[in-house]
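Below sits a lone chain in C-alpha cells, taken as the form predicted alone.
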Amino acid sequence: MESQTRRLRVKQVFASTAGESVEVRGWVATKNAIGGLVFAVVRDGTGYIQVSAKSGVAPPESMDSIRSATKESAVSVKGVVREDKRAPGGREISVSEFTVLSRAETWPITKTAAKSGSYLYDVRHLSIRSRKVAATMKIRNEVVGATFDYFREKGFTLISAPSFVQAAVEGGSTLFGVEYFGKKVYLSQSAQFYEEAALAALEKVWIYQPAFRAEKSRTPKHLTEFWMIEAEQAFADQPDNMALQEGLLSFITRRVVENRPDELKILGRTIVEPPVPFESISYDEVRDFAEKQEMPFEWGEDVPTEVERLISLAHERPFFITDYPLSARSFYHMTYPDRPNVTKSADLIAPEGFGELATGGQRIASYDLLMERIKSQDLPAEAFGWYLDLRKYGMPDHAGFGMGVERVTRWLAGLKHIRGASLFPRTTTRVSP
C-alpha cells in the first residue's frame, strides 16, 4: 500500500521523517543538469529546498517538465524526502512528479543588472523575491508581532486614527496637502493628538498605522511614507515614557533573535538583546561631543544628522539623547520648571551609526500653559481648538512616543538604507512601482 502524500511547506519538510512522501509548491530559484540528473532549488514562503529528478526513476513527463522549467516558474513537486549531506540543509526531495503550474518568462534580473541598486528598486515588484529581501520582511513581521504582544501585556489598547487631518503635529513644512471635497487637508504625520484624546477613555493607548512626511531629506533613514508605532499613557512622566520605549525595543530584539536566526544569518547580522535601562546622555553632552569632533552646532538647533551618526557609531547598545531645547521640539512638549527652554523629551538612538529610532516626551497637560505656548510660537489657536479643549476636562500628566517600524527593522537587519526595510518604499524620488 502506497504511503499517503502530505502537502507541506519547505520548512515542514526539514522537520518531517526521511522516506516520507510529500508535495511542495513554490518557485524555481535555480536549476542545474548533470547528465541524466536534474537538480532544482525550489523556494516557498518558508525557505529553500533542493529537489532532484533522475532519468529512469522519475516519469518521462516529469523529466521533461523539470528540464523545461524556467527560473521563477511556479511548480508543484511530489516525491520522497531523502537525507543528503551534499544538499543545502542536508535534505532533498527525490522527484516522483514535477509539474509546472505557471511558466515564467526569461528572468530579467541578471547578475550584472543586480549590481545596480537603482535598477533593483525600478523592478522592486520582482526583486523582492531575493533571499535578503524576504529575510528582511520576515524580521519586520517579527517586529510588528512583538509590538502587538508587548503592548497587550502592558495593558494598552490598540486604537486607530484618521489619516486626513487639518492641523500639523510636527510642522507645517513637512505636510502633504490633499484636496478634500473643496477643502485643503493634510496627510497625517502622527496620530499623537488622537491618542491624547483617547487617554481619558482608555488610559493607555497605542497605534500601528502609516504616517507621511514631506521632508526633502535624502538620507539613509528617511522615507516619505512609513509605518509608525505610537503610544501615549496617562498618569505618566518622561521617565515612565523612556522605560516603556526601552522595554519595547528589548522585547522586539529578543523576539527577533529567538525566532529569526536563519534570517539574521542570511543578512550576515549578529545582534543581541540590549539590557535595560539604556544609557542616557544629554543634549548638552552631545554638543560637547560635537565640539571634540570639530563639528560644533549652536545651542537650540536640532542635533545635526552627521553628529547623530558619529555619536551612534561610538555606542554598541541603544541609548537616549535627552533634554532637547524647546526650539528643537514641537510646541506641546513640557519643559522643566527651572529650565523653561529645555524639554522633558528624548530621542532613542540605535548604535553602530543607525541613529534615531524613536522620539518621545512628556506633553503639556495644562490648558493655560498650552495656550501660552501656542501664542508664544505664533501658532493659530483655532487650528488646535479640540486639542486645547482636552485640557479643560481632566487631562492628567501624560507622555508618549513615536517609533518608526522601518527604522527599527533597518537596525535589526543591518541595512545600509531604510528603503530596504519597506517592501515598496516611497522616497522624495520614488513612487513606483
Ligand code: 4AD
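Predicted model, so just to flag it, every value in this text is computed and none were measured. Throughout, we count residues from 1 along the sequence that is shown.
Another form, the form predicted together with the ligand, is not on view; read the next lines as being about it.
Contact with the ligand in the predicted complex, judged by any heavy atom within 4.5 Å, is made by just one of D323, E203, E356, E246: E356. Among R260, H222, R309, R91, the residue placing a heavy atom within 4.5 Å of the ligand in the predicted complex is H222.
None of the heavy atoms of I266 is located within 4.5 Å of the ligand in the predicted complex.
At least one heavy atom of I418 is located within 4.5 Å of the ligand in the predicted complex.
Although the partner is absent from this view, R407 contacts the ligand in the predicted complex, with a non-hydrogen atom inside 4.5 angstroms. Shown alone here, M403 lies within 4.5 Å of the ligand in the predicted complex, counting heavy atoms only.
Stretch 224-232 is the contacting one of 296-304, 275-283, 75-83, 224-232, since its residues have non-hydrogen atoms within 4.5 Å of the ligand in the predicted complex.
In the predicted complex, just one residue of 332-353 lies within 4.5 Å of the ligand by at least one heavy atom: Y332.
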